[in-house]
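Below you'll find only one chain, the form predicted on its own, shown as structure tokens.
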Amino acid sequence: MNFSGGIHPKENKITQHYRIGILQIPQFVYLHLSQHTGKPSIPIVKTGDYVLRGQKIAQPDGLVSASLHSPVSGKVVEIKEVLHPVLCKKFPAIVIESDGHNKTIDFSTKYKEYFRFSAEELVNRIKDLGIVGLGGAMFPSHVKLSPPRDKIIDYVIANGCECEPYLTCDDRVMQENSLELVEGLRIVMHILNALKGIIVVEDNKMQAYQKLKEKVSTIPNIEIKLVKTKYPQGAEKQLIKKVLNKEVPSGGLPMDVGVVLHNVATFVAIYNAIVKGIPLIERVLTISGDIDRKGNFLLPIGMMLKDIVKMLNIDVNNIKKIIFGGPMMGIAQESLETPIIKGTSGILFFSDYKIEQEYNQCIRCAKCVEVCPMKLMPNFLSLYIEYKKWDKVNIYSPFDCIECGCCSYVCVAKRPIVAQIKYAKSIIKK
């Protein structure tokens, strides 16, 4: 079964065969208190404190929130407002000056034999170590792993589609951390008492597919599925439709149809947390675009963009646009004084990016309707938003939009449909 709509943008998986590399530790890291969907975390350190790598520096504020840990050893120099790559405004961050020694806390392996522990204990451990979704949405993992009692989870899906152009970090994680991925999936299945695990890989990642196929060949309740490449197949509702032919209801969640879905890198982070006792202090991301030194890199959370540019010797004088994430759903950055966060899957540099200053009237071609994976009518949404007809905007379900960008991609009038819908959501919420 296939999901409706979708497109096939040029893949540009330039860094697909680049093994995961490591850059030197920066002098400063800038750790935003909002590294996740939900309420920002609360600092538990103060200026002048010395911290170790892996030490908790902020605690959750409520259920939908997440812990924060230091990726380096050093001194907390200040807590100040720093540009946030997703919120696109200044937001409080803990600034730590590294001492260069990378002194680390003792990572507890108490939960290594996870099958001996209850689901509640493991979920609390995942919460304590700050694990959030690494596919971009950054939803706190412990919340997904705590469904209401009336929600029976039958399937756990590991999302290895990575359908955004340019991005290859998940591909490399699947190839280089296949054991950790499979074990992380088994941990989640144990927590949820799920019957079956499914790893889904698109057919432009055959090496990852073959590697994982070997790993699951002797595990009866886990299978790997190869699917044809299509954007936005990595979106959870579309992937569930594709793999299980189940429709997540409007306004609903995957758990409403008995499914929990995580990005593949999130499963690796869960494995590291439970088996090795390592909190989420670093992540793999893709650095690509119109630059000489590209690749996939394991970087500490909070590393500043200007430090990445310096270490990779990137000449930004010729760069017109820098995007955190992929080109379809990523967010353009206005300054090099912006740190990466847990959800930063890529940094793309473009030298010939064309910015449309004006857009035209809708010509009623309905191409946007054809490609919308959520079966919406972006043409009407765009028009009613333009003329601020908010009562009519509501009729066309703007909150069902996943902001994938398919409509803007095919629009011959070059209308900023996704930007309009984002604006409408903010207005209607207010």
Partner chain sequence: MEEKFFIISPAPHIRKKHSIRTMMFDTIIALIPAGVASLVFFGFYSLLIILVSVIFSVLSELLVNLLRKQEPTVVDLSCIITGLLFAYTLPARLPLWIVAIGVSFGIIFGKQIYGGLGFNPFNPALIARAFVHIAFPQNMGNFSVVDGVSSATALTILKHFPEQISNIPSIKNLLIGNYLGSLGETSVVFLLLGYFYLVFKKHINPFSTLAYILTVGIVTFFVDKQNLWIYLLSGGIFLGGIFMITDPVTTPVSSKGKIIFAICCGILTCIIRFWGSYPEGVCFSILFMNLLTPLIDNYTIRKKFGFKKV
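Positions refer to the first chain, counted from 1. These numbers were taken from a predicted model, which means no experiment stands behind them.
As for the form predicted together with its partner chain, it is not shown, yet the points below apply to it.
J.: For its partner chain, considered in the predicted complex: do all three of I42, V95 and K110 come within 4.5 Å of it, counting heavy atoms only?
T.: Contact check failed for every one of I42, V95 and K110.
J.: Please pick, from Q333, N177, S73, T229, the one residue with any non-hydrogen atom lying within 4.5 angstroms of its partner chain in the predicted complex.
T.: None of the other options qualify; the answer is Q333.
J.: Name the single residue among V259, M328, A208, I301 that comes within 4.5 Å of its partner chain in the predicted complex, judging by heavy atoms.
T.: Spelling it out, the residue with a heavy atom inside the cut-off is M328.
J.: Please pick out the stretch from 182 to 190, 240 to 248, 339 to 347, 216 to 224 that is in contact with its partner chain in the predicted complex, where contact means heavy atoms within 4.5 Å.
T.: Within 4.5 Å of the partner lies stretch 240 to 248.
J.: A419 near its partner chain in the predicted complex, any heavy atom under 4.5 Å?
T.: Because a heavy atom of A419 falls inside 4.5 Å of its partner chain in the predicted complex, the answer is yes.
J.: Classify N317 as contacting or not contacting its partner chain in the predicted complex by the rule of any non-hydrogen atom within 4.5 angstroms, answering yes or no.
T.: Flag for N317 set to yes.
J.: If you check in the predicted complex, is S67 within 4.5 Å of its partner chain, heavy atoms only?
T.: No, S67 is distant from the partner.
J.: When the contact criterion is heavy atoms within 4.5 Å, does D400 count as touching its partner chain in the predicted complex?
T.: D400 belongs to the contact set for its partner chain.
J.: Heavy atom within 4.5 Å of its partner chain in the predicted complex: which residues of 174 to 189 meet that condition, in order?
T.: The stretch 174 to 189, when checked against its partner chain in the predicted complex, contributes no residue at the 4.5 Å heavy-atom cut-off.
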